[in-house]
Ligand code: DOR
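The chain below stands alone, shown as structure tokens; this is the form predicted alone.
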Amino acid sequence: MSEMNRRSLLIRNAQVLHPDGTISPGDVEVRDGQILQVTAAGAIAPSADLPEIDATGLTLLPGVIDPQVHFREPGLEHKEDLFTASCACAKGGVTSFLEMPNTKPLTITQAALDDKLRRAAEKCLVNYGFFIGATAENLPDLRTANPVCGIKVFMGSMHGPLLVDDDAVLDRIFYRDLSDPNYENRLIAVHAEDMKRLRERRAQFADETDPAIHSVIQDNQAALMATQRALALSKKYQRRLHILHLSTGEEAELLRQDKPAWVTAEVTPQHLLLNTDAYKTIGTLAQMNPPLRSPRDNEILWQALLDGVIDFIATDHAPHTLEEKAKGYPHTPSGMPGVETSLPLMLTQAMKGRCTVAQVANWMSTAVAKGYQIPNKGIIAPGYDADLVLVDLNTYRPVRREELQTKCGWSPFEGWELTGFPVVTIVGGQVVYDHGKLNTDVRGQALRFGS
């Protein structure tokens, strides 16, 4: 079979989500990895060279673009690696991901970035992009490294070179010459927690071993203080800014009152659907940075998402082994996996009436492509890349640990009854996941980003 034929197919009888948010029965023809036409069901004649997928009873959505993951390669492959993580992506309907720089070695140079791109080309079943991490020393790399989706700044919850909490260093990273219209404006994505406050509160609660204290130590005020700093610098230099994993009602209300057009924000399903009550049931599996918050924060974040104050959804997939998670607080690492559950979690909320299917697709694909200026992604329309997912909105089943593809082998949502699980995932016109089976011969492509 030719390369073009491997990346061509016809999807019949799907409930197709259109760019205007409507859903109707339709057929989608894919040629050479791109959508050629979207028609009413039955309008495209069969072709001998075009494999067909019967999507009767299934809903066709643009593939998820997960804009914040930690896939652990190189250096931490005992937790996850690019192959296992991309298998988990394919099973979860995630057709593209943006990965963070806190690997070993850190992704803070062009050479380290090139190494990740090489590894991804060899191993990833889905499309990929990478952040470069900011340090106090690598300013030239931040401006020239290519291709990158953005600059990651850890303002807190980090140690070593990636921790950047000095005002003078942050100012240099955010700096733009506003008199020069061609001066680069590469997006800066911040993990917003105030490190000084975190240190003080860790000392204050140093003897506590209940994991629930994690949300007390890394409190709402620590997050708000850092977001305020980042927002002030962004406004000073009109610098593209993205607030990662927004977790507090206070931050959401700040952005509701003061959010320039060049600022975006995301929220995780964890911060929408879990809260501090989770420590009672799953212990350190609920530990992440920034921490889970109160039920009241859940509600404010939901409303901010519905109102457009928060722009999109990311998983912050950050796996650790069960052995590591069993060490006992405060010796346990923060983070949880998420790429396999994010889409069904959100689609289940849509089926409950909390939002619409179209809103979920916008938050998890269309808006991400817009925010990171990724061309030809996030919409089901002619000329767009055929990164697609067929989901079943009629069947409910529990999240089961033994069915997960992530190497860490657990989920904070284990046992939750969800709908909207992917049935078929398509990357660049190739079927990478089909009714429970992965096609590990498929390889994604390096994503491109606007300036």
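Heads up: residue numbers just count along the shown sequence, starting at 1. These figures come from a predicted structure and were not determined experimentally.
The same protein also exists as the form predicted together with the named molecule; that form is not shown, yet it is the one meant from here on.
Tell me, which of 245, 242, 91, 116 has a heavy atom within 4.5 angstroms of the named molecule in the model of the complex? It is 245 that has a heavy atom within 4.5 Å of the partner.
Just to be sure I understand the contacts: of 252, 288, 265, 188, which is the one whose heavy atoms reach within 4.5 angstroms of the named molecule in the model of the complex? Contact with the named molecule in the model of the complex is made by 288 alone.
Using 4.5 Å between non-hydrogen atoms, is residue 318 touching the named molecule in the model of the complex? Yes - in the model of the complex, heavy atoms of residue 318 and the named molecule come within 4.5 Å of each other.
Counting only non-hydrogen atoms and a 4.5 angstroms cut-off, does residue 294 reach the named molecule in the model of the complex? No, residue 294 sits far enough from the named molecule in the model of the complex that none of its heavy atoms falls within 4.5 Å.
Does the named molecule come within 4.5 Å of any heavy atom of residue 334 in the model of the complex? Close contact exists here: in the model of the complex, residue 334 approaches the named molecule to within 4.5 Å, heavy atoms only.
Residue-level question: is residue 154 within 4.5 Å of the named molecule in the model of the complex, judged on heavy atoms? Contact check for residue 154: yes, within 4.5 Å of the named molecule in the model of the complex.
Counting only heavy atoms and a 4.5 Å cutoff, which of 366-374, 107-115, 295-303, 70-78 contacts the named molecule in the model of the complex? It is 70-78 that comes within 4.5 Å of the partner.
Relative to the named molecule in the model of the complex, which residues of 76-106 have a heavy atom no more than 4.5 Å away? Contacting residue: only 102.
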